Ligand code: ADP
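Just one chain is shown here, as structure tokens, and it is the form predicted alone.
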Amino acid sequence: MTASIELQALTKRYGARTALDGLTLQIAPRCFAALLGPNGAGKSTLFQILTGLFAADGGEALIAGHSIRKQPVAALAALGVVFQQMSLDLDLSVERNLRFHAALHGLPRAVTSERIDQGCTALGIAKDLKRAVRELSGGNRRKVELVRALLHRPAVLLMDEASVGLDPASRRDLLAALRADVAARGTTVLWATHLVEEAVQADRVLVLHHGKLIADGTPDDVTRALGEPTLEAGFIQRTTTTKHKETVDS
């Protein structure tokens, strides 16, 4: 089975600083993976490479078997993204934001209407379709971005610190919606976060520190590998008291 995300010795440097240090991993289809790391771990750099915004200095990144460097059109067509910073047009209605995105992907109008209705109904925002985005709460804006990211039915969904600024109820709803999509369509989700309480709900936890993968496995496996009673304690201990340690495979 082709990995949904594959990294092969991926490296990125900014001058003398190495942001990603030979990162190698595979994420299988239908996996909800949490990329857990403190600020400066390399999470945003990885997402910028996966979305084609930055070029790697070495190695390879593949989305659904397509190289970001050699086959960017095919790779990006298989990708949906919710960035940390909101990227909706505040003055357009929810529906117009969604239709514009669908048009960029060449979706027929009938298919677009069906998917907008399905997505907004599932997330409880169908009543807001005609409202300007600026009138919505932060949680509902995030829901609109999630609907938008899934309109073209991507194989892989990247969530870059997507819960920042959300209240606990909105964060819970967002995670539940992603879980439902993984179950229904087999989407692979890579959720970048520095919040341990989000990571413990994932199928797989990837702990990134100074551009290196220092732990990889289920939440329970990673907790044991980090050597502390809880995932939070292990994460804090390993990312605040050391710079580099050997990768721990669970």
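One rule holds for the numbers: they count along the sequence shown, beginning at 1. The structure presented is a predicted model; accordingly, all values stated were derived computationally and were not measured.
Heads up, the form predicted together with adenosine-5'-diphosphate (ADP) isn't pictured, but that's what we're talking about next.
> Check, residue by residue, if 14, 17 and 43 all come within 4.5 Å of adenosine-5'-diphosphate (ADP) in the predicted complex, counting heavy atoms only.
Result yes, every residue of the spot touches adenosine-5'-diphosphate (ADP).
> Looking at 59, 52, 38, 219, which has any heavy atom no more than 4.5 Å from adenosine-5'-diphosphate (ADP) in the predicted complex?
Looking at 59, 52, 38, 219 one by one, just 38 meets the 4.5 Å heavy-atom criterion.
> Given that the partner is absent here, state which listed stretch (44-52, 60-68, 198-206, 178-186) has heavy atoms within 4.5 Å of adenosine-5'-diphosphate (ADP) in the predicted complex.
Within 4.5 Å of the partner lies stretch 44-52.
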